[in-house]
Structure formats: C-alpha cells, structure tokens
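Read the single chain below, which is given as structure tokens and is the form predicted alone.
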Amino acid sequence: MLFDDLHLDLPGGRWTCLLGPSGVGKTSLLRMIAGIGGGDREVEITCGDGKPLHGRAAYMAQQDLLLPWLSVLDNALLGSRLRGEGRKREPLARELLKSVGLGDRLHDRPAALSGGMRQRVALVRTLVEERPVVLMDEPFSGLDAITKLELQSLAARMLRGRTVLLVTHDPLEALRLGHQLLVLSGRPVRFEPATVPPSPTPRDVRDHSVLALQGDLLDLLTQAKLAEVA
C-alpha cells in the first residue's frame, strides 16, 4: 500500500518541498491533492479558512504543456478560455508576460521559444489563474543550471504569499525555495522533516547554511532510497 493514514500540513503562504526516491509517490500525492488522481483512495483536505480546496489550487506540471498552435498570450490564457470566460484575464496575462521578459513575444508560437521561455509562459499561465494554492511537479527539472536558478528566483518572487507545494528531486532547489522540507520514504509512505536554512527565500546558492545542509539532506534521501529496496 502506497499511502495509509498519511497527514500533510502545508503552512499558509509558504513553500513546502517534497523530496524522495523516484517512484516513492511524490507525484501521486500531488495529483491526489489536485483532485486529478487517487482512484478509490479516501482523501480528506481541510483548509485553515474552513473553505474547500476545490477551485482554489493551480497545477504546474513538469512539462510546459503549451499548445503549439496557440500564441504565447493565448497559451497563458488557456484556462480562462477553457472555462468560457473569454479574455477577461488578458490585461493580467499581458502584465505578467511583460514582467517575465516576454512582453515582446506575445504573438510567437511555442516552437520559437527556448525551454526557459516556455517554462516562463507555463508559470504565467499558472499565475493568471490567481489561485491561493499552487501545486508544482518538478517544473524546472528539464532546464540548464543557470536557467533553473533564474526561474526558481522568479517563481519565489511571483508566488510570494501563496501556499506552494513543490515536488522536486533537487536538494539545492528545495533548500533555496522551501520553508518546509519533507522527505518521503517507505511503504506506506511517511514524511521525514529536513532542516531548513534560516535565511529568507530564494536563498543564494553560496549561502553557507544552504551549502552546509545539502549533505544532511542527501543523507536523508540516501536513507529513503535504501528503505525502498530493503
């Protein structure tokens, strides 16, 4: 059994990062929370304000999932269009695309963009939804190291004040962005908390506390992987 009597608390307005070996259940858990998976598993979600989570969470996948026949602007507005809301969010989308450096690429198709640009569009598409909870499944994993750092910093700035749950395989990414770090391991899955650096996010990669804690986090991940094969 993958999950059994598992409890996860997400601090409001903070980033929680989930790490663990491949196949441990990180993405499955994220999809269950998003309401797009879980099968017959019983999932109870309680929000601190007493309101349901349904309709208040945005989901950003590992792939950018841009539609090749739509422009940058229309891809950013895809959610509104699918809900039949027309283009009422277009001013916001234009403002956000400008803020991520794509103000002059609004009418380009995805094929004309680099990988980093495509992920910027995917991030804007997530932000256009204006949801208080954001669920992210390794959204920066396919990028080169420098672009990844840039987009991590951009996401931290633009998602400040939102409640974010990020699945990642990257210890440095978790230590840069997370206010709460949890390592998943075992069957059924359990959480092992990891120490968080005291400095504000996004943390500098040269931050001594970040560098010092990478080894500890890697030890936890190694123990989690060993638990998978035991």
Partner chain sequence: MIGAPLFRPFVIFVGLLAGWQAIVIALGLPRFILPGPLEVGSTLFRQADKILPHLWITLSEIGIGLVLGTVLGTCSALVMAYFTPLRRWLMPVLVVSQAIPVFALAPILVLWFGYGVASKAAMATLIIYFPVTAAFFDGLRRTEPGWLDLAHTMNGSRWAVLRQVRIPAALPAFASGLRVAAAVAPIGAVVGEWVGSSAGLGYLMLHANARMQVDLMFAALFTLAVSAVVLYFALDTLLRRAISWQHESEPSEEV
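Positions refer to the first chain, counted from 1. None of these values were measured; they are calculated from a predicted model.
Same protein, other form: the form predicted in complex with the partner chain, not shown, and the subject of what follows.
For the three marked residues, H54, L78 and A111, a heavy atom of each sits within 4.5 Å of the partner chain in the predicted bound form. Contact with the partner chain in the predicted bound form, defined as a heavy atom within 4.5 Å, holds for exactly one of R31, R203, R190, R162, namely R31.
Although the partner is absent here, K88 lies well away from the partner chain in the predicted bound form, with no heavy atom inside 4.5 Å. Taking the partner from the other structure, the partner chain in the predicted bound form has a heavy atom within 4.5 Å of a heavy atom of R125.
Though the partner is left out of this view, G35 does reach within 4.5 Å of the partner chain in the predicted bound form, counting heavy atoms only. Using a 4.5 Å cutoff between non-hydrogen atoms, P68 counts as a contact of the partner chain in the predicted bound form. With the partner omitted here, the stretch from 140-148, 90-98, 153-161, 127-135 that lies within 4.5 Å of the partner chain by heavy atoms in the predicted bound form is 127-135.
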